[in-house]
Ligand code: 5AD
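Shown here is one chain on its own, the form predicted on its own, set out as structure tokens.
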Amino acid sequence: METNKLFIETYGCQMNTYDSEVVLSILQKSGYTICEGIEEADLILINTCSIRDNAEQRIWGRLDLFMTEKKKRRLYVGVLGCMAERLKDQLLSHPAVDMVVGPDAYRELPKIIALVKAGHREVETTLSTSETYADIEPVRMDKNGVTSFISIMRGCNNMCTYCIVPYVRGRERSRDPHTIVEEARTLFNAGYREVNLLGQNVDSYLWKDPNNPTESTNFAQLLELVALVSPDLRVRFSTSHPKDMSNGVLYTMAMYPNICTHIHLPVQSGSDRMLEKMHRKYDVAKYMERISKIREIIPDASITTDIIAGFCSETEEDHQATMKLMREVGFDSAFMFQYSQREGTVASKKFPDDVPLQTKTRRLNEIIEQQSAISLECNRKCIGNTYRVLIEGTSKRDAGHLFGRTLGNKVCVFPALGHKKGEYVDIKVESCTSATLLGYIVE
């Protein structure tokens, strides 16, 4: 018997997590309830990522598993998100898949599901120039009830040559700031104490009032509006772009103590030749200017980054330039990857993926090893200092310890002493690893 039980599985970025919460909101209005396992589900939706090949390979494996479940009972399976947009025909040819739905078509899911139940196989991957889901209140699927995400914009206009995102998420469009502020207020009233404003490039956020073209809101102004919801609501954001991050954003961060002093500023490479080939629209000198301005306006800011090893034609000299930039900036941490060519990108059409896998792997390992040492050095500078920490939950390694993050996004672990998640505590740092600060509560 069909019970309208929904199971959603999410892969990839924080934006996908948010999108899954939007999907759940839409389908709850159509009578679906969320369930914890695929064995209970009447409908399985898998929200996918296309950034790297290994993310896609995992999806194919999951679809094979879902096919096994379909043989046991009546069950419908849908593929959502970026991979749905990129590989719609291949996905629909998999025997497990009943529907393929792109990231701008989630409002159509109830209609699509009805058609599938009537015996059709459905594809809807039309990209929109206006869809932001601003009027849909997401149903939060996170378990901690302390921190949550808010999407402020969708799509991307940057067209970096290695990146598939503009092709699977469409052109950039910004969401009405009033709906963003209201969503933040709703979360705060529900007990959440931190929001993370999400966009592919938050610094290019710009909303223009359709009823009054002279009225607009940029990202610095939006940050201020959200910060004013409550001084007890922390505000984070990601991701920034070096070519777009304005001094106005930095001054706004410095003005409000509840705006977190963490900036994720992807550099990708320390070689001007590579940056030009990646179409990043800045060079190393301009990137370092941004770093200097951040340090000037927010001296205690934590700066993190993304780095790609082994992009097309990367030489040893290019690689060493990246290693040099890492040392000069002293990133607190980094997301580090070896280049994975994505079909459909400019790079896949114009540049041979000619760096041998063994060389990519060796360079990536060198980048990781150096960043680990830099992160440890950054964290050692925190020893003896006291930081305000928002408790997010219990330590996985020790039930008697809690963990939370500083304003600078550094993870702290400390004895619980009767405190619980959602509280703010002051932590004095005693020791550290390259990834974690260890300390105790200062009452």
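For every residue, the number given is its place in the sequence shown, counted from 1. The structure presented is a predicted model; accordingly, all values stated were derived computationally and were not measured.
Omitted from view is the form predicted together with this ligand, to which the following refers.
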For this session: Decide if the three candidate residues 7, 9 and 33 all line this ligand in the model of the complex, where lining means a heavy atom within 4.5 Å.
Result: no
Problem set entry | Residue among 260, 184, 308, 202 with a heavy atom within 4.5 Å of this ligand in the model of the complex | 308
Seminar exercise, completed: Heavy atom within 4.5 Å of this ligand in the model of the complex, from candidates 413, 63, 390, 51, belongs to 51
Problem set entry | residue 266, heavy atom within 4.5 angstroms of this ligand in the model of the complex | yes
Exercise. Contact between residue 302 and this ligand in the model of the complex at 4.5 Å, heavy atoms?
Worked result: no
Problem set entry | this ligand contact at residue 340 in the model of the complex, heavy atom, 4.5 Å | yes
Problem set entry | Contact flag, residue 149 vs this ligand in the model of the complex, heavy atom cut 4.5 Å | no
Exercise. So which of 249-257, 332-340, 112-120, 284-292 is the stretch with heavy atoms within 4.5 Å of this ligand in the model of the complex?
Worked result: 332-340
Exercise. Is any part of 140-165 within 4.5 angstroms of this ligand in the model of the complex by a non-hydrogen atom, and which residues would that be?
Worked result: 162, 163
